[in-house]
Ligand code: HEM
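Below you'll find only one chain, the form predicted on its own, shown as structure tokens.
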């Protein structure tokens, strides 16, 4: 438990241990995840602007959180994700066809890490693929560390307005996609308003594009840097599903979240957190906690990393985690099988890491094969 001073002079706490983070995130009575709370901690003024205007359930406590989340759970169920796997695999194969046809060198970030989840989300959600660059710009404005509060607020409103227009279009001309199904199952019966759906849809689009993109880039880089793990996975693709958890544990791309505010004086990790002070759950730290994971700084393809917290914990655990797992398993299997000679095309020092973002990853990944 480490006290820190935020940009606005307020004190907050970094929670770093696996056990303590689970304790906070499972204690809904004494810790709040409501982003509208004026004491809710934020890393930048821009994030305050976004938080105060968040209307999706990611920024709510129960019972409102669960009431909204239940409307979308079936869309991300294990059964639905397994049914989507062949279509997701076909997308990966098509992108590798394009990559091989264009020939080396190539930057794997725009060629695969961005395109792959964008195409998957287009098929799942129903958003036109040609809109993915706009969606990513809106996500970056929310997740960046350098933008102004005005720009963050503008991009948040623009993405919600985009989804609202998409809802109107799908209501007039439905298809086989999430937006059309949610309209039919929940909007028309009156369980979900169109405006609330627009806010939740914007949240799903941001997460579905940005986090998976960064994990593909970082995961591929780690495999290129770890020859032993790469050889094991190539020789035994059955290990890839477990290796996805290990890569998520090792990288933990979400920074500075989840966050909570104490609703009363609470002792956690031997420290008393006063009422009204904020807490940042450092998932990357929890996932390197030696009390939970032996040799935590070693990337191990054979490790059981299933207790990692990269997707969070408790009621706000990532809704789309099953989709992310399927995407990552498929994309890494396809890369290892199709491009066994893949290598970095530049020195590691030329890779630009996302120190300017709340979602960690790489801006570029030049490769050859």
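Not measured: the values here are computed from a predicted model. Residue numbers count along the first chain shown, from 1.
Heads up, the form predicted together with this ligand isn't pictured, but that's what we're talking about next.
Between this ligand and the residues 326, 48, 310, 301, the one pair within 4.5 Å by heavy atoms in the predicted complex involves 310. For the candidate set 113, 273, 283, 247, a heavy atom within 4.5 Å of this ligand in the predicted complex is found for exactly one residue, namely 283.
Residue contact check for residue 278: none of its heavy atoms lie within 4.5 Å of this ligand in the predicted complex. Residue contact check for residue 253: one or more of its heavy atoms lie within 4.5 Å of this ligand in the predicted complex. Although the partner is absent here, residue 320 sits close enough that one of its heavy atoms falls within 4.5 Å of this ligand in the predicted complex. This ligand in the predicted complex comes within 4.5 Å of a heavy atom belonging to residue 121.
Here the chain stands by itself, but in the predicted complex one stretch of 222-230, 201-209, 182-190, 104-112, 201-209, has heavy atoms within 4.5 Å of this ligand.
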